[in-house]
Structures are given as structure tokens and as C-alpha cells.
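A single chain comes next, written as C-alpha cells; it is the form predicted alone.
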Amino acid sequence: MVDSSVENIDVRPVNKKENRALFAKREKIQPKKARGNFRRLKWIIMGITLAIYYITPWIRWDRGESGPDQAVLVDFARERFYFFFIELWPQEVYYITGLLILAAISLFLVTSLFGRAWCGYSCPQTVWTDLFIFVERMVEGDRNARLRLDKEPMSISKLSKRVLKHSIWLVIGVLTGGAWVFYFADAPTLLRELLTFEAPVIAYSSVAVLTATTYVFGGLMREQVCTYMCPWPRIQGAMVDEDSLTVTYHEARGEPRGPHKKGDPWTDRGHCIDCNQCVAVCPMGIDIRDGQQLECITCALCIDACDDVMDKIDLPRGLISYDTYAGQFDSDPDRKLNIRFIRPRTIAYGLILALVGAVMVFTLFNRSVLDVNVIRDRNPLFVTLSDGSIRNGYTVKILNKIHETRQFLIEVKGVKGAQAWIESGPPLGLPILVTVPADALSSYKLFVSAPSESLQDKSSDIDIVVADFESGETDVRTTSFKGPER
């Protein structure tokens, strides 16, 4: 008789190449619950990532009276992005570009080392799909119970389970959409406005859209998002090589496969007993024994399922394991895994990461908290005053990037005998003292006049110097001073 300690499951890989038509109705995948080290790792990562997502908007960070106290905030009203002690202005959007580059190269590095580990453990689609399957299992039971329920005619019991399951899914969707909008406004205030129906329409519409996408992607489409909508499965093939660790079926050890009777020898046959446990737990509906496939997200649940079977039939674990491409052809279960983490591809990715990261850190911690922009008037180019001197007009914009009111000195250099004054004020000696509120941009109309005889040409270079009255931090902008033809 067949070894009774192992359940033989009648299941076919839905996404096996031979079973997949170009145009066909989706065949629902009902993955069996897996138990093992990788399943525990996925639970831990899911808990951490969901906690970060839902809790982060509620973390407070003191920025003084003039700044918001939310640690992470995309503030469209102030045109600012806050991340704990980091504050980015619109003109510093290149930091976002740098972060995207770091994220992309990190993904390339992880993929070259461990295959699609991001997809299997940390991708939002995987995390929320895992959560939705967990809810489905709690309400409707494990795989066999859900299959029986699908085949049953509609009844009060079946209807109540379906309504409960979909209701919980919708609640998760609402919580997901709600958590997302909290990143764009003060979380406690927006929550109160949402509950009292005083929030902006855009807040409700954003929650509705994200509720719908979370419900549809995590509850209804699931593996189809990864297979048909996500471009990464197509790209990642260029990121891996023969030394990348991927979930691997050791064909040399497992074949020829087939049922095994308890007490029979293992000579002249493989260790795979064709129980289909690896297929039953796969959320993507594939058979890892068919080799590397686009649909595989390397979640490693098939490893847990197979290791459990190997334990029951007293064979070494590792028939399915993380291994390199070459390792799948080795039949020795006691073979030590030979991993080459350091190779040209990973060195290149590591150097790019280090370079971009170092540049970003250096520029971030050495950036100025003062930004000055000077725009010269174009109409008129210049004005001849009654005493014969020439006057030019400029708009001076001073950006104070800290949460304290600051005073600045404005000085003009480069033209002999120049005088300067702020609009609606009398000509003053240089420098001019102005006050800029905390965390704000102030604009001043600056007039500069100079004796006609001090101008050597119709255009002369001048420097407009803005200096912090207390710290002495200085920003210099070079512009032109226009006069008549000589």
C-alpha cells in the first residue's frame, strides 16, 4: 500500500504551461495551509510590513510651532515632504529620484542574490493576498473545505460564510485606503473629519478607489496580478544568473517519481512520491517540479510542504530547497550549498548602491537651509533717474528652510557707488536688513541705482549677497545691471 502517513492530493497546477489557454475563464486557486520555517518567516514579515504601513501615519515628531508634528507626511498645502528629521522642498525633488534609484538597484541586487525574494515576502500584492487568504481560511476552512463549499448549492450557511468573508475583505480594503490618505494630512484630524463627513471629497474618493483595488487585487485577482499585470516577472530574468538562489526542485534526486509503499526500498527510483503537496500549497498554481517558471514568486511554501513529507517518510530534507541553477542537477542530499555572493554582477550593484547612497547622504547633511533666487526686471530694462543715475529692479526671493524666524542682510556688490532699497522705502545704505518668517518664502522688490559714470558698459555683472544676520550663512546670486549704450 501507499505510505499512509502522507496525504496524496488530487490537484493540478492551474498555471502549468500545458494547462493554460490564451483565452479562458480564470480557474480559482485554493492553496492549502502550509506549515514550516518559511511560512513562519512570511507571517513575521507580513506582520512587520502591515504594522509599518498602518502605524507610521500616527507617529508624532516635534518640529516646533510652525511645523506639522506628524513624522511622515506628504504635505501638499505646504509643498513639503516630511520624513522624521528630513524635510524636502519641491526644488529638492532630486532626492526622491535618488531614493527611486536606490530602491531599483536594491531590488536588482536582492534578485541577483535570492531570486524573486521581494515578490515572495515583501511585495504589497503578496502581503495583502496572504492576509485575504488567511481571512478566507478562517471563515471557510482549509483547502478541502473551501473546495467542497464551492461545489455546494447556495444555502444559508454558504451565503453567511461568503457574506462574512467579503465583508471582512471590504473592511481591510477600507482600512488600507484610510491608512494611505493619512500620509497626506494630519492623521488624527483627517480621521475625525472622515468620521463626521467633513473631509474633502478627494479623501473619500481616494479611500474608495484604494478600497476597491485592495479588494479586487487581494481577494479576486490574486495571482493574476503577478502573472499578467506586473512587469517584474519579465524583467527579473535578466537579473538572475546560474549563481542566484531560487526555489529549486532537485530533479536528479527526485526522479523518477511515483507512489511509494511503506517498507519498499528507495533504490532505482527518486525520492519524490508524487503526493502533489508542493502544488497544493502554491498560491500561484504552478508545479515547481516543472523547473523555473515566470509565475513562481519564490515564496518557498513548497519547500515547507516537501520538507514535511520528507520528515514523514524518513528521508533527508531539501528535495525542494533554495539552491543555484547548477544545484538542481546534484542528487546528493548531504551536499553543502555553494553560494557565491560576491561576483561581478553583485559587485556592480553594490558599488552603485554605495555611490548613490554616499552622494545622497553627503548632499542631505550638507545642504543649505537658505535658498535665494533673484529675477531681474525685463520691462523696463533700466530707468534713468532725475539725478542722471541708472536704476534697475530685481525680485529677490528668500527661502527660510528652518522653523525659526530669521533676519537677513541684503548687499549689492560689483558696481561702484550703488545704492539699494526695498520697494516703497527710501534709498538706504547697504546692507539692507529684512525678516523672513519661519519655514517660509518671502519675496522683496529690490531697486538698485548707480551713477551713470560708474558703468563701463551697457551691461555689468553684479552680486546680490544675502547673509543670515546671526549665523553668517551666505548665498550669492550673480545677475546683470543694465544701462544705456556707451
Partner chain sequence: MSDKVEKDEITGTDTTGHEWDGIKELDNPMPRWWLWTMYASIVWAIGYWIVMPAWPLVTSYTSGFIGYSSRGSLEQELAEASQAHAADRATLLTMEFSAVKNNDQVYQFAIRGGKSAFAVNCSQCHGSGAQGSPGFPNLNDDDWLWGGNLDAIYETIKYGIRSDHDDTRIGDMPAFLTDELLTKEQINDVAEYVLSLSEERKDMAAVDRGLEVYMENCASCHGDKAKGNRDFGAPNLTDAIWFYGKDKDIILRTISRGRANVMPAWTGRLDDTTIRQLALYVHSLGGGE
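Small disclaimer: the values here were computed from a predicted structure and weren't measured. Residue numbers count along the first chain shown, from 1. Rigid core here is just the name for the largest C-alpha set that superposes within 1.5 Å across the two forms.
Omitted here: the form predicted in complex with the partner chain. The next part is about that form.
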What stretch, of 294-302, 379-387, 96-104, 398-406, brings heavy atoms to within 4.5 Å of the partner chain in the model of the complex?
379-387
Looking at the partner-bound form in the model of the complex, is Glu423 within 4.5 Å of the partner chain by any heavy atom?
yes
Spell out, yes or no, whether the shortest heavy atom distance between Phe38 and the partner chain in the model of the complex is within 4.5 Å.
no
Classify Arg391 as contacting or not contacting the partner chain in the model of the complex by the rule of any non-hydrogen atom within 4.5 angstroms, answering yes or no.
yes
Taking the partner chain as it sits in the model of the complex, is Tyr444 in contact with it (heavy atom to heavy atom, 4.5 Å or less)?
no
For Cys226, decide whether the Cα shift between this form and the one not shown is 2 Å or greater, given a superposition on the rigid core.
no
Superposing on the rigid core, does the Cα of Ala305 end up 2 Å or more away between this form and the one not shown?
no
Core-superposed comparison between this form and the one not shown, Ile390 Cα displacement 2 Å or beyond:
yes
